[in-house]
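The chain below stands alone and is given as structure tokens, in the form predicted alone.
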């Protein structure tokens, strides 16, 4: 009986262990290969692992003529500008969607999801065609605008949830004590919604800094970002340069995700989409 019980327990624990192992392989397998390529000096078929490791390709990436510093600056500057534009539109839109009894509120929320409902390639191709007629192709303004299109999805939805989670009784108490609408918003509403707005800004920043398709059709060849640099290195067969660029992009993603975990609270998450 004891052996049968142990066998049943082992069989019951086997499936979760296998699933966890598969998930770990799917997540950490590509990352391991990425790290190997980033530090590989020589890796030729049929060798399973690099035959020589070093930092020579890291030095090549950060040489002034390599363009990595320019691409990094462009990526960060464009991402910050995208955050500014997206949040400038999302804060009033999110407040209105959370507080006002709009007749077509559900339809408006759905409209902000439409850029994610269709393949990005035809959308960005048509945007590039329109921007070409407006003279925005190859400009920072054009790239920021095209990055703001998917960024508004995160910004508006999370901002709406953040303002919806604000305790209205505190606002009413402030108004009863004589505070005006603007002061109530500044001192009561905004501080409560601030963590959610920070999380929305981080999502927009990460989406922008990793955006390739929009930058490729609207910005290149005049504007180069880290994803464009990684793509060019990959197409040229220089997997070390591509892997190093991918690791650089991975650092802010991991760091900001830890920040999001702190700021995006359960009460805000529960209101996303309501």
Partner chain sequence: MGVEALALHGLSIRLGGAQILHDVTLNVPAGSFTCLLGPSGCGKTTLLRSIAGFAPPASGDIRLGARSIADLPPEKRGTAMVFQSYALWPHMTVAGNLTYPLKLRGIVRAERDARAEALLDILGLSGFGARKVGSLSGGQRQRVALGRALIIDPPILLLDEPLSNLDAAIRRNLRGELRRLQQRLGITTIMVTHDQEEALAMADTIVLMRAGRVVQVAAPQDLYARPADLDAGRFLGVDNMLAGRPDDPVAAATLGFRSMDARIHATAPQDALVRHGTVLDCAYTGGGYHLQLQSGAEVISAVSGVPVTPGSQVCVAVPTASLMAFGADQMLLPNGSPPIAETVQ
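Positions refer to the first chain, counted from 1. Source: prediction; values computed, not measured.
Keep in mind the form predicted in complex with its partner chain is missing from the figure; the text below concerns it.
- The closest non-hydrogen atom of residue 129 lies beyond 4.5 Å of its partner chain in the predicted complex.
- Though the partner is left out of this view, residue 170 does reach within 4.5 Å of its partner chain in the predicted complex, counting heavy atoms only.
- Shown alone here, residue 198 lies farther than 4.5 Å from its partner chain in the predicted complex, counting heavy atoms only.
- Within this chain, residue 181 lines the site of its partner chain in the predicted complex, having a heavy atom no more than 4.5 Å away.
- Proximity of 177, 188 and 191 to its partner chain in the predicted complex is complete: all three residues have a non-hydrogen atom within 4.5 angstroms.
- In plain terms, the part of the chain that comes close to its partner chain in the predicted complex, with a heavy atom within 4.5 Å, is 162-170 out of 108-116, 162-170, 81-89, 138-146.
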